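So this first bit is one chain, no partners, the form predicted on its own, shown in structure tokens.
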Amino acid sequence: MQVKTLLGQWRQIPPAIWIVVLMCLIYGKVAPGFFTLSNLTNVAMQAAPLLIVAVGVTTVILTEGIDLSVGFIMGLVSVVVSLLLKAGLGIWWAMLGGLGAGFLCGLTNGVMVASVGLPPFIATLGVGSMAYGVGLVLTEGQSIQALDPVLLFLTNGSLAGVNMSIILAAAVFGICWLLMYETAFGRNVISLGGNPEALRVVGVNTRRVSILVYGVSGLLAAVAGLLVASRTGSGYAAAAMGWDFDAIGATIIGGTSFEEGKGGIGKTVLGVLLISILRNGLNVAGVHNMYQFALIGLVVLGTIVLDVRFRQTVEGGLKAQ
């Protein structure tokens, strides 16, 4: 009886956790430097901007939407910050300008979805493409230096021995957690995906909530864009190409569903951890960059398939009881 109970408990563990453990075991053998303190810190630093942008994407998916513009927004923000610095504005105005650009792109996504009625896929892809195009035009396709000490401090600096990018990611996550689970806005976001009609009945402006959700996603993408600009010391329109896939993949791996507002930002951390460990381990193992994209896509898609099957099995077992 105890054996059956133990096996039942093991089967309740999400596949993503098993895959993270398996990757760590493999990397421990093929990449000797993987478990060093410096490399584990590097994993956390690499995960920081992805966690920030993935939290924003998770809030959008909770409303049964999707945001394919986040990678393009991150690139545009790095460009805006770099150009404003080049124009002689102070770093704080430059960063504020970058954050404003990201928030504006997010709000535009929300208006296109909630007011104009475009499908989220089309709206966010269109806004993202425009952001990418604007970034290319402003820089003529070139990389613009952004070597301000304050900006570089975001990834190179530390506080009490902890890297600033990790502190920033933890702070953003904590604020978003409070926003989602301790405020009326967060409850409305979750209800918007689960039962929007109930929100309308009680007088909640669902269109406004939806617009703000996309605005939050754009703002968080902008924060992540600042970290990317800080890490590279430059602004480049294509600096975060593909981050939308990583953010959506991390969200789905974390158990958030495209239907009925199921999930939350807490488990998104697991998806971010999986992708960050996977990418870092491939680098440490010396796998060529041209193979990494295919391997990461394969592992992420495989994990999502396993996780979907896992949730279907769990839900089927609960219904049977």
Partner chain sequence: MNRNVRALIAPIFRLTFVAALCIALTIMNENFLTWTNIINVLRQATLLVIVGLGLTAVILTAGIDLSVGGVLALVGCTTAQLLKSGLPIPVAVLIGLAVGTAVGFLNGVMVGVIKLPPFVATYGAKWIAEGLALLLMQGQIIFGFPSSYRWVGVGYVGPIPVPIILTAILVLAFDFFLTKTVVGRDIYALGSNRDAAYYSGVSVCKITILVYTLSGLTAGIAGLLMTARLDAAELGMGEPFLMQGIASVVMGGTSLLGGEGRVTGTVIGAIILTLVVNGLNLMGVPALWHQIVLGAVILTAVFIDLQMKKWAN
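As the structure is a prediction and not an experimental result, all values here were calculated from the model. Numbering follows the first chain given and starts at 1.
Although it is not shown, the form predicted together with its partner chain is what the next lines describe.
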### Task
Kindly confirm or deny that 93, 99 and 150 each have some heavy atom within 4.5 angstroms of its partner chain in the model of the complex.
no
## Note on the structure
Checking 206, 156, 129, 145 against its partner chain in the model of the complex, the residue with a non-hydrogen atom inside 4.5 angstroms turns out to be 129
### Message
Between 104, 122, 170, 162, only one gets a heavy atom within 4.5 angstroms of its partner chain in the model of the complex; which residue is that?
### Response
122
### Task
Would you check, heavy atoms only and a 4.5 Å threshold, whether residue 294 touches its partner chain in the model of the complex?
yes
### Task
Find out whether any non-hydrogen atom of residue 25 is located within 4.5 angstroms of its partner chain in the model of the complex, and reply yes or no.
no
### Query
Would residue 241 count as touching its partner chain in the model of the complex under a 4.5 Å heavy atom rule?
yes
### Task
Please check if residue 17 has a heavy atom lying within 4.5 Å of any heavy atom of its partner chain in the model of the complex.
no
### Message
Only one of 224-232, 244-252, 78-86, 211-219 has heavy atoms within 4.5 Å of its partner chain in the model of the complex; I'd like to know which.
### Response
244-252
### Query
in the model of the complex, which residues of 126-161 put a heavy atom within 4.5 Å of its partner chain?
126, 127, 129, 130, 132, 133, 134, 136, 137, 140, 141
